[in-house]
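Take a look at this single chain, the form predicted alone, given in structure tokens.
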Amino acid sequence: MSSEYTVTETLDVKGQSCPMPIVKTKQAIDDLEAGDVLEVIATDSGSMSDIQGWADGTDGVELLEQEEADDRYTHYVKKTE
């Protein structure tokens, strides 16, 4: 994880497949304040493109980073407004 930001909350969506990682990510982001960073931990490989596409098409969020290791996909999403 980058040292440029601090994780505010972690969302565990391991074992869930599309669309649930996106649905739960949106719900969690809605509960955060601007500037907060959500760490999303998934096991669905599709979450890499799904969360990227969601972040690209959604105002008020920025995908900071994505990591893949040992069949785990970790996403860092910042609420910008």
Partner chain sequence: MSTDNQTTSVDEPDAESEFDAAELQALRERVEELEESLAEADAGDDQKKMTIVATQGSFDMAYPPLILASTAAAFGWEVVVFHTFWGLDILHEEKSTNLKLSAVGNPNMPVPNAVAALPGMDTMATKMMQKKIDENGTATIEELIDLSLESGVDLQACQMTIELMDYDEDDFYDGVTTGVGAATALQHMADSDIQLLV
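Worth saying up front: this structure is predicted, and the values here are computed from it rather than measured. Numbering follows the first chain given and starts at 1.
What follows is about the form predicted in complex with the partner chain, which we do not show.
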Original post:
Is there a heavy atom of residue 45 no more than 4.5 Å from a heavy atom of the partner chain in the predicted bound form?
Top reply: no
Original post:
Given that the partner is absent here, does residue 59 sit within 4.5 Å of the partner chain in the predicted bound form, heavy atoms only?
Top reply: yes
Original post:
Does at least one non-hydrogen atom of residue 10 fall within 4.5 angstroms of the partner chain in the predicted bound form?
Top reply: no
Original post:
Should residue 53 be counted as a contact of the partner chain in the predicted bound form, where contact means heavy atoms within 4.5 Å?
Top reply: yes
Original post:
Which of the residues spanning 16 to 38 lie within 4.5 Å of the partner chain in the predicted bound form, based on heavy atoms?
Top reply: 16, 17, 18, 19, 20, 22, 23, 26, 27
